[in-house]
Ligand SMILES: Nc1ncnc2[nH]cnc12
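Next up: a single chain in structure tokens, the form predicted alone.
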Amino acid sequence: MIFDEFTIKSLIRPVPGFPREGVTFRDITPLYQSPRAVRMVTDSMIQRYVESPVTHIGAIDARGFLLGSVLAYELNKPLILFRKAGKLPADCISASYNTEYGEARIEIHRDALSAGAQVLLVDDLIATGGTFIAAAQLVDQLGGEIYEAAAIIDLPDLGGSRLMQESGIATFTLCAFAENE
């Protein structure tokens, strides 16, 4: 299927003032209501990574789980979950990060991957980059490496993708929204 950025962007709903005034939330739920759009997004990601050296798909809580699980299945790779603090039941390591809303913490099971793993991090969007950078720190603590960080949306005005690239994390997104878009 040919990727159509206009279609994808038209199915991402802007929600001004959510979760607080001054923020425009990019809601991907309308995109997931379109089987054609879901196939377009997942097929594009699958084609990008099908012959890559990725050994694990790292899905970030919670919307990253939607895309990450499909990629793990289609690429036949283990899925590792990066969860908000207190959500994983076994021995975890954690990292804190700043978001556009405040401070948060992310965790991963200590036994989720081993040295030498090449991890593809996946989430719905790149905003400030904090979640991706924290996940990358956890992968590094476990001896793995980040192959790339992938998302459906980039919000470049928030500076996250630039910050991630400056931190040595390659990024890939399917579309971007300017702050006034």
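All of these numbers come straight from a predicted model, not from anything done at the bench. In case it trips you up, residue 1 is the first one in the sequence shown, and so on.
Keep in mind that the form predicted together with the named molecule is missing from the display, and what follows is about it.
Here the chain stands alone, but in the predicted bound form its contact with the named molecule, taken as any heavy atom within 4.5 Å, falls in 23-31 among 108-116, 136-144, 23-31, 43-51. In the predicted bound form, none of the heavy atoms of Ile152 sits within 4.5 Å of a heavy atom of the named molecule. In the predicted bound form, the named molecule stays beyond 4.5 Å of every heavy atom belonging to Leu120. Taking the partner from elsewhere, Tyr73 is found to have every heavy atom lying beyond 4.5 Å of the named molecule in the predicted bound form. Taking non-hydrogen atoms only, Ala127 approaches the named molecule to within 4.5 angstroms in the predicted bound form. In the predicted bound form, the named molecule lies beyond 4.5 angstroms of every heavy atom of every residue of 1-15.
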